[in-house]
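Let's start with one chain on its own, the form predicted alone, as structure tokens.
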Amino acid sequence: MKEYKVVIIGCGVAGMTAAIYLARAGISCCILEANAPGGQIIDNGMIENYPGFLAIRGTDLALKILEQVKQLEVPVFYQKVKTIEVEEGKKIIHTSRDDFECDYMIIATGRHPKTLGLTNEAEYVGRGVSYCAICDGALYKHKNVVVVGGSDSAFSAVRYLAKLVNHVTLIHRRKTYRAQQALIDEVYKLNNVSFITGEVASLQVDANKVLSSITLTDGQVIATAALFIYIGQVPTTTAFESLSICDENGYIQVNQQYETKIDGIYAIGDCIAKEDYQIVIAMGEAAQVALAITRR
């Protein structure tokens, strides 16, 4: 059994910020991460609204924060949380490898991409279907690709891909977009991007079982080497369902101090329901919780 005052679940910007504040206050803590450090920002291209940088890549920002965590000697365990028990104020976290005991737990697991729900969508992830332009865009240099969505993330993906591929088609179910107007205006100026209003109905693959085209609900067929899906996010909170701290959409419910109904269990970042999801907001929540713990 590994024992810490605080266990942080999630090594995104929120989780790492909490660790930095706690470690600097002399509080023993560790981070558990099921995947790669950095969370959703590693899928971003250039971040242009983070104070202190005119522009910085999401991966670069994540690595800079992780470097601070390492300098403070905060352990990061790459293990997936399976179950959690609460016994007499102590929290027992069972992972895929070890057990952790702590007085306080901070959940910062963020969100993951929503799928289109097509029958063969999961089967062709990595064979033309992707949820991350930064990760997979280079595989489709000089080819035609499709992006689905109307958010900042979708338009950022289009902007990034347009520099690599022959042509990008952006498909959105409405004629209006949720992305920031400045980003929309920038993408509109690109000469290798086109826009279609519609919805994807099905995927078609070639003899090698690699995506070759998509069909829209109106019957239109679009040949494409890749389909990048940016239609929203869902909270990564399955491991916490047994604690009954999630709402009907899977988001963790917290009070104004970001504490759940279970004393000593907090949630911050994109796994909680809120109006705005921004890097600086998640970091502010992390700082507030860490400081609150130092006063307890």
Ligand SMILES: Cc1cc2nc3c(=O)[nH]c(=O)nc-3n(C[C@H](O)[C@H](O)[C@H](O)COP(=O)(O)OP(=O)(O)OC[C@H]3O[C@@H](n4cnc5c(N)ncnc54)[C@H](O)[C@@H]3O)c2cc1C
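Quantities reported herein were computed from a predicted structural model and do not represent experimental measurements. Counting begins at 1, following the sequence as shown.
Same protein, other form: the form predicted in complex with the named molecule, not shown, and the subject of what follows.
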By the heavy atom within 4.5 Å rule, which residue out of Q79, N120, S213, T197 makes contact with the named molecule in the predicted bound form? Q79
In the predicted bound form, the residue from S130, T224, S153, T169 with a non-hydrogen atom within 4.5 Å of the named molecule is S153
Candidate spot A18, A267 and Q288, all three touching the named molecule in the predicted bound form (heavy atom, 4.5 Å): no
Does any heavy atom of T260 come within 4.5 Å of a heavy atom of the named molecule in the predicted bound form? no
Under a 4.5 Å heavy atom criterion, is S28 part of the interface with the named molecule in the predicted bound form? no
In the predicted bound form, V69 touching the named molecule (heavy atom, 4.5 Å): no
Is it the case that A23, even though its partner is missing from this view, gets within 4.5 Å of the named molecule in the predicted bound form, heavy atoms only? no
Picking from 170 to 178, 80 to 88, 139 to 147, 188 to 196, which part of the chain touches the named molecule in the predicted bound form when contact means heavy atoms within 4.5 Å? 80 to 88
In the predicted bound form: members of 1 to 28 within 4.5 Å of the named molecule, any heavy atom: I9, G10, C11, G12, V13, A14, G15
